[in-house]
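Let's start with one chain on its own, the form predicted alone, as structure tokens.
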Amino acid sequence: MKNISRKVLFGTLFCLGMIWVPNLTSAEEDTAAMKARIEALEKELAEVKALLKEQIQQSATKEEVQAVKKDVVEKVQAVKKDVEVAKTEQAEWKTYDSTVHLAGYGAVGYTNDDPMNDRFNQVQFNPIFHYLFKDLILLESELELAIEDDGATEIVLEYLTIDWFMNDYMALVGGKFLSPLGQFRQNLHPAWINKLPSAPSGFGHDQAAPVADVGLQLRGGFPIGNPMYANYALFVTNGPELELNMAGDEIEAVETAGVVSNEDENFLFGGRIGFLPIPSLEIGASAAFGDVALEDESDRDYEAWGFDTHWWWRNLDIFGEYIQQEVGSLASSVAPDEQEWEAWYVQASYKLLPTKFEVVARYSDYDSTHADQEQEQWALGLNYLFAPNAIAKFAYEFNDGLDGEPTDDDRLFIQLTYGF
């Protein structure tokens, strides 16, 4: 009888070992391994049952049979319970609420401004992270890592937002986001999307077009009637900051990089509405209003507004955009004068199918109350598309600015960019 109990007990404990030992690392097993584990447990359980039946038939007394049966039945029930736990773990392994996605782009480039300024001047990497919880919450963020002139690496948080999808037509966005005014900054500026290696005149940092904001944004889209659609973005943010010139008597630029401070305790309100009368045409209008102030000074008016359009047909893609920023006058200020910056561009690109080449042409114009900032520009480019997201660009800018200023220098670009 002792041999009977030992055999049965050994078989049962072996089953228990099969369920408990792997359980220590079950969180690291994949679904296939979990399935194999359950099959092994069920096989061992069947063997224990067969052994139990055989040993009971060979038992000498009724008391021995009952004792063995009671002992083994308890262990069999324990193994069954563990098998059910393993099956539950397998189901949980297949069920998840969060999704992680890595995207982004990188670019390397060469620029020649004049014979004395010939250099490889662009090495940048922009990883973009997405963390989605169900279909409810999305965290999205972009970093920019770029090499500076002195060889140091600059790391910039381009944007970080947490988005709440309230319904199919509306999302509440909080954090630092790219300015929703116009098209270029929020949709076109990434190196692998921009058809040219540079931004249009007036659409760079601290120029006519706002760059980023910190605050809240409500955005989405909705059908108006087949085939018409509309999209919108409404926001309240900390607003821009003002930068004085070297002399300290004029406002040199409006800084719109997106800050978490709000020195003047005023908020900026604005938005954009886009209308698509047909699927291949979008017309948009943007505006923002608020107050800004220099440190220890009274408030003055600030406003930005603009229009944009996008039309595409077969291999042809055309963008156009106008933007203006204005800071009002303040008699008591160290920089009392009103300041205004405005810029516009039109750009056309055409894919030369069936080849992998694409030609691009862009005209842009930037006007400012500061003559050294103004620029008129023609840019021509030839792109080679290894793939839609892997592009080699060759471009030349014809620039007309104030004599002796960098805005008057023509520029040659070579750029290789890859989006993923």
Partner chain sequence: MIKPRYKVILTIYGLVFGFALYPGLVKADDNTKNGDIARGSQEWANNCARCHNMRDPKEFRDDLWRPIVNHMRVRAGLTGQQTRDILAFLQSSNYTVVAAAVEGDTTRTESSGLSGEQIYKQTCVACHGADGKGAIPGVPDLRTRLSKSDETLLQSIKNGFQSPGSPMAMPPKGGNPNLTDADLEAVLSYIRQAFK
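Everything quoted here is computed from the prediction, not taken from an experiment. Positions refer to the first chain, counted from 1.
Note that the form predicted in complex with the partner chain isn't included here; everything after this is about it.
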Interface membership of residue 75, the partner chain in the model of the complex, 4.5 Å heavy atom rule: no
Contact of residue 99 with the partner chain in the model of the complex (heavy atom, 4.5 Å): yes
Heavy atom of residue 66 within 4.5 Å of the partner chain in the model of the complex: no
is_contact(residue 159, the partner chain) in the model of the complex, heavy atom dist at most 4.5 Å: yes
Stretch from 117-125, 185-193, 239-247, 329-337 whose residues place a heavy atom within 4.5 Å of the partner chain in the model of the complex: 185-193
Position in contact with the partner chain when the complex is considered in the model of the complex, options 143, 108, 346, 132, heavy atoms within 4.5 Å: 132
Contact residue in the model of the complex, from 297, 263, 255, 291 (heavy atom within 4.5 Å of the partner chain): 291
Interface residues of 145-171 toward the partner chain, as seen in the model of the complex [heavy atoms, 4.5 Å]: 159, 163, 165, 166, 167, 168, 169, 170
